[in-house]
Structure formats: C-alpha cells, structure tokens
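Presented below, as structure tokens, is a lone chain in the form predicted alone.
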C-alpha cells in the first residue's frame, strides 16, 4: 500500500470533518493536508447568537493550527489554481501535488452584483458582519427594517428568517416594537421552498404572528442610497432605515476556472458519493451542485457538508486500504430555526425522497433551542 497524499481545500465544517475522519481511518504514513486562507475556524451556526450578543467571537472560534496536533498538516494560504488533470493545486505560488483531492471551498459572497447593496446592507454570513449587525440593532428605537433575500442559492436557507424573528424578539424585549416596522422581501415563492409547503407555511405563520410583513417573489434590482429605497425588478420600491441582506452567492473563482464547474460555477458531483468527473477528486458542501429527484437543487447548509464529509472520508479510506466497502450519502439533513424567547423550531428529513423531499417540521420549543446549544458545545469539543 503506497503512501498517499490527500489535500483538503477549505477548513469549514466539511473540510475539518473530512480531514479528521480520514485521519482516524488511515495510518500516519498517509499525509493529510488542509489548506485555508484563514487561521481560525468559526462555527457558522452560532453567528446568529453573535448577532444577538449571546456569544463572543472567542466562544465560537478555534485555531486551525491545532489540526497539526491531530496529525493533519495545516497550510495557511490562498488557492490560486486547481489543475485536476495534473493532480496539482497552487497555493500562494507553491505547488502541491496530490493523490486525492477534496474540495470544500464553500460559496463566496458577491453583494457587488447589486448596485448599492454592499454600501448599505448588513448580513450574518461572516462573524465580523454578524457583530456589526448586532451593534446596529441594539441602538435604534424607531425605524423601518428590511430583510432581503436577493437571489438563490444561498447558505443556510433558514438563516434570514431566524434573523428576522430574533430581531423581532429583541425589539419587543427593548419595548420599542410598536415603533419598528419589519418587512421581509424575498425572491423565493415561499420560505425554504425545497423543504416543501408545510415548512414554508410554518415559517410564514411565524412571521405573520409577529406582525412581520412578508413579500415573496420580489427580486431586488438595486438599492438607491440617497433616499434609502429598495428598487425591485417589478418596479416597486420600498423605503428602509436599516437593511439586512442575503447577498448574491457565487462559486470561488478558482473553482469556476478549474474545469470542474457547471455553467453556474458550482461543481457537479455524484449526489451519493460526491465524486466529480475525476475519480480522484471529490467536492462537498456549498461548492457543489446536486440535483434532487424533485428537479430542485439541494440547499447549501453545513449539515449536508458534514454528512457528505463522512461518506467521502470513508470511501477514500476504503479505496486506499483496499477495502471493498462503499458508502453512499442518504440525502438526509436537519435544521434548527431560532425564534427567540429561548425557543427554536426544528425540521429534518430525506431530501433524496421521491418524488419530492420528505421534511418533518417541529413547532418551536425550548427543547430545540437547548438541543442546538448542546450541539454547538459538543461539535466544538469533538473537533477542536
């Protein structure tokens, strides 16, 4: 059994889990290298709690350099080229050759695609931005706050709805809810459409019960900064004082230039094995494009990246060690929906079900909020 070199590009949830799962299955003669442009891992499911000041940055971040102590080499650098034909990755001008490659580079944010958006809006898809939005919502007393989903796909389909419900909870707690107008605009026909009408209906009901105006099928064209107005492709306009966005997402440039991507820039993979058109290259998480039996695309979420990482790690280890056992990802996933008041909703199901995903939602309760708290603590403890 010849020694193998496995590169993992990206140290988000999927990359970290894949590398550690491989390390447990393979002897130290096989080299596992994780490459990321950041030196710290930040637990994205907790960014909404950063926004609410229920967490500090140090509580949800860990050093990636600690991977070295687990027998995983960590390289801090930016990937500039992926050359699957020659089994080569270039990082800050240095060549890294591999026997197997796992791409877990996620999705990049592209607010610049919509004029005025980057200069005017907040979001919670990065830790520092979550903190900035948290500071903004702590200080206002009377305003119109708009939440906008600009395009699909985007990371964590529940996140903008959670952010809206948590802001509603905060302004009620501060006693200023009657002075705050909350509006939710989305390009989607309903909340979380891939999860089905039952989940979407539950979220719409939550918004309605809180007095939050919901505006579906509204595609944002631009933000007119002088008068603080949202301009939609339909011609409608809406004023705001404070703006929360789900910015357009795009695949990293290095992926679109690799020859692995589809026309939209995402990597097409076998939905069950996560293998690309190259037998020695796999892709997991947000960077992938997986068509479901329903014809819709699999949402982008950390829970899928983690489950996919285990399947890829198991199959790579089996191939390297000569074990014939092959695992297939089952398409299952789950999601918490934070609502405030110490409660959260929960939904789980089979996204590969035919003819459409079968997702079971649970009404908000304290048990789901505390389950997420325990999950956060366990995940960070287990992996760092």
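Positions refer to the first chain, counted from 1. Computed from a predicted structure; not experimentally measured.
Keep in mind that the form predicted together with a small molecule is missing from the display, and what follows is about it.
The three marked residues, 44, 79 and 286, each reach the small molecule in the predicted bound form, with a heavy atom inside 4.5 Å. Residue contact check for residue 238: none of its heavy atoms lie within 4.5 Å of the small molecule in the predicted bound form. The small molecule is not drawn, but in the predicted bound form it has a heavy atom within 4.5 Å of residue 125.
The small molecule in the predicted bound form comes within 4.5 Å of a heavy atom belonging to residue 106. The shortest heavy atom separation between residue 271 and the small molecule in the predicted bound form exceeds 4.5 Å. The partner is absent here, but in the predicted bound form a heavy atom of 305, alone among 246, 230, 102, 305, sits within 4.5 Å of the small molecule.
The stretch that touches the small molecule in the predicted bound form, counting heavy atoms within 4.5 Å, is 36-44, out of 322-330, 353-361, 36-44, 23-31.
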